[in-house]
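What follows is a single chain, given as structure tokens, in the form predicted alone.
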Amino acid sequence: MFIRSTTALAALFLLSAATLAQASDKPSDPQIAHIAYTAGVLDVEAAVQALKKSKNKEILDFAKDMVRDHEAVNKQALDLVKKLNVTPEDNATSKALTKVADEERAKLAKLDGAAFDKAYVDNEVAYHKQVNGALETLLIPSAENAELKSLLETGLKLFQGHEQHAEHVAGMLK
């Protein structure tokens, strides 16, 4: 069940990004800023849920890293949009990400112990794979502002590390 919901999240993210790309050939910088910020906020929310529900040291350490890193990147993103005097633009991709993440958190809320830990980390692996793919193939290539592009590239390197860390934690839980 959780693999299906994680797969649904990944598919929805890519479908939304593809729809956005088709609608205007590529997302605008304000849309990219909103998508990236939203993805970070959603991962912080998932990590906060894990910090409240899990008792597993590896899960707790991973979740603390997610809160710290995503909040730091989002602060840099907010500072950049203020500096550039850009207003992030809500869009279908951001809305779809939020909807699916809310549904996933609701499913995770019904789990406890090892079942929660496994579902949480499996979702984190899939989420980071999809976000990293979208950064590489759509968001970074579409960004016109050099500073935004640079922030996204820095974020991608960090989030690739998150994906590897999530995979490692998932392997430890088996």
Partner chain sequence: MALTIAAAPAKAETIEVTIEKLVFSPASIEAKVGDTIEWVNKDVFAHTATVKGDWEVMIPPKTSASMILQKAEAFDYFCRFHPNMKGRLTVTSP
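Everything numeric here is computed off the predicted structure, so don't read it as measured data. Positions refer to the first chain, counted from 1.
Just so it is clear, the following notes concern the form predicted in complex with its partner chain, a form of the same protein that is not shown.
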Q) Of 108-116, 134-142, 61-69, 28-36, which is the one stretch near its partner chain in the predicted bound form, taking non-hydrogen atoms within 4.5 angstroms as near? A) 61-69
Q) For the spot marked by 41, 49 and 53, is every residue within 4.5 Å of its partner chain in the predicted bound form through some heavy atom? A) no
Q) residue 100: heavy atom within 4.5 Å of its partner chain in the predicted bound form? A) no
Q) Would residue 76 show up as a contact with its partner chain in the predicted bound form if we use heavy atoms at 4.5 Å? A) yes
**Q.** in the predicted bound form, residues of 135-165 near its partner chain [heavy atom within 4.5 Å]
**A.** 150, 154, 157, 158, 160, 161, 162, 164, 165
